[in-house]
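In the form predicted on its own, a lone chain appears below as structure tokens.
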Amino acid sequence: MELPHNLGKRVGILGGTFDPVHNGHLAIAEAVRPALALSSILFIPAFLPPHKPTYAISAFSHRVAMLELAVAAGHPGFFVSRLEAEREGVSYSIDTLRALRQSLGKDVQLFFITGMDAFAEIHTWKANRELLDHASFVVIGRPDHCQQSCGQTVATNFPGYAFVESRGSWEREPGQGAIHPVAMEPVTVSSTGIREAVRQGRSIRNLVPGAVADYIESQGLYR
């Protein structure tokens, strides 16, 4: 597995279908990185999402190309990995984290970034109890109830974790990942809305980086 050499020791992991990547994805990465003093953010597009979308997903080559264009301009410390395409099959988070842990070693701290809505469904994830053996979680939620909602999910799914006020995270014991809530205003842009806008012939240039909008147009995506 080929990874960038300059990821550093505190690496954020942001996965998803990215069909297409949009300004909201970048805003989340920009918010999380300083909040947790991350050295880098690794974007990992899913090869085959485990929760099958209700639409035909664009080819992996298109989705990874758009991601690479999005992070290339003005985002030092943002990188893209083709890990899940190299592995093929269904892209389960636990398999990705195992592979990253094996490749990067124990000295690198991993921070898996997800939204509160996805975290609330973590009981449906493959090998969910093992996830925190490989990475800490960063849970993005609304400012008005981020910590409360996150706490309810932690209590239900991760017994033994307690909230440490001084660090603002749920923790259990050294060697196991923590769970960090990060509050930010909801991002109104969505990949679904962008695809629909393209189908209707509306501009998406305020929703995605310019290079991504150009790529979508040149490749005739979502029409």
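Note that this is a predicted model, so its numbers are computed, not measured. Numbers follow the displayed sequence, beginning with 1.
From this point on, the text means the form predicted in complex with a small molecule, which you will not see here.
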Even though the partner isn't displayed, in the predicted complex is Val198 close enough to the small molecule, meaning a heavy atom within 4.5 Å?
no
Should Ser191 be counted as a contact of the small molecule in the predicted complex, where contact means heavy atoms within 4.5 Å?
yes
Does the small molecule get within 4.5 angstroms of any non-hydrogen atom of Leu36 in the predicted complex?
no
Quick one: is Leu131 in contact with the small molecule in the predicted complex, heavy atoms, 4.5 Å cut-off?
no
Candidate stretches 145-153, 69-77, 115-123, 91-99 - the one whose heavy atoms come within 4.5 Å of the small molecule in the predicted complex
115-123
Residue (of Ala183, Val32, Ala65, Val187) lying close to the small molecule in the predicted complex, criterion heavy atoms within 4.5 Å:
Val187
